[in-house]
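Presented below, as structure tokens, is a lone chain in the form predicted on its own.
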């Protein structure tokens, strides 16, 4: 269990903010499966929030069922970040999170995300100003540093603690690494030793065993799962069961079918057709990983012309797998 001020996070498991992934549909699915302590919204530009961008405001909609929920903002202008944080609080989010770890070029070019690790004075000014402006818990997510020669995560962690941040999350890679190589969890242990506020570990948690091992090896207070949840949205429920000493169940083929179809119908109802097709193809690639003939389906869907055909094709594929499983039993 982790406390962010008055907010109790139990189990101490976070769904990481991921652009194009952790939209309201995916957050709801993960929450309904169970086991997740906090779900995070896709990271959002502070400038777009303050300018009242309609698409951005639509992205920021969430259901009470999703709570506790964190909204992550990014930017490099102190005043704009302050205003964006106030909007986050007004919308009723449980946590405001600042992104100081995104390695994407378009974010770095704006001197935001992980670029702030190259300007700790600006990073501190943003943290202090946002903390003074809002009353909900503030968290900050960052990386080891910009590259191996500039690993300053301990300095940034101490800045966060000194300025009233409730918890920090560390992705144990540098910005230059992006998502390549291996996350070096030893740095999570160093950060935990240096700080008294909760430290949330992130990086290379693909299975429930990874989350348990991360906590055991580093002493971190909680675990944030990103890409591991796209292939296995049950990872939080499974990890929570293991943490509680309960039996960990694997999702059945019928469970997978039901989740995929529920998610895909939600996407089809909410999104414009072209955008929906793109999102459905992306999630199909993750959801069918390891399924019999999954590769054949992934190849077939690239040729499908519309959402309706897509849904029929995927449902037929899954139903065929279920029949084959029953016949083989």
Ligand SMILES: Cc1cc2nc3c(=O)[nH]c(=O)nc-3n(C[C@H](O)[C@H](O)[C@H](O)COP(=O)(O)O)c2cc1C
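Since this is a predicted model, take the numbers as computed values, not measurements. Numbering follows the first chain given and starts at 1.
Another form, the form predicted together with this ligand, is not on view; read the next lines as being about it.
In the model of the complex, residue 238 stays away from this ligand, with no heavy atom inside 4.5 Å. At the 4.5 Å threshold, heavy atoms of residue 231 stay clear of this ligand in the model of the complex, well away from it. Contact between residue 226 and this ligand in the model of the complex is found at the 4.5 Å heavy atom cutoff. Contact check for residue 21: a heavy atom falls within 4.5 Å of this ligand in the model of the complex.
Shown alone, this chain has one stretch from 118 to 126, 195 to 203, 145 to 153, 255 to 263 that lies within 4.5 Å of this ligand in the model of the complex by heavy atoms: 195 to 203. Residues of 65 to 102 placing a heavy atom within 4.5 Å of this ligand in the model of the complex, in sequence order: 72, 99.
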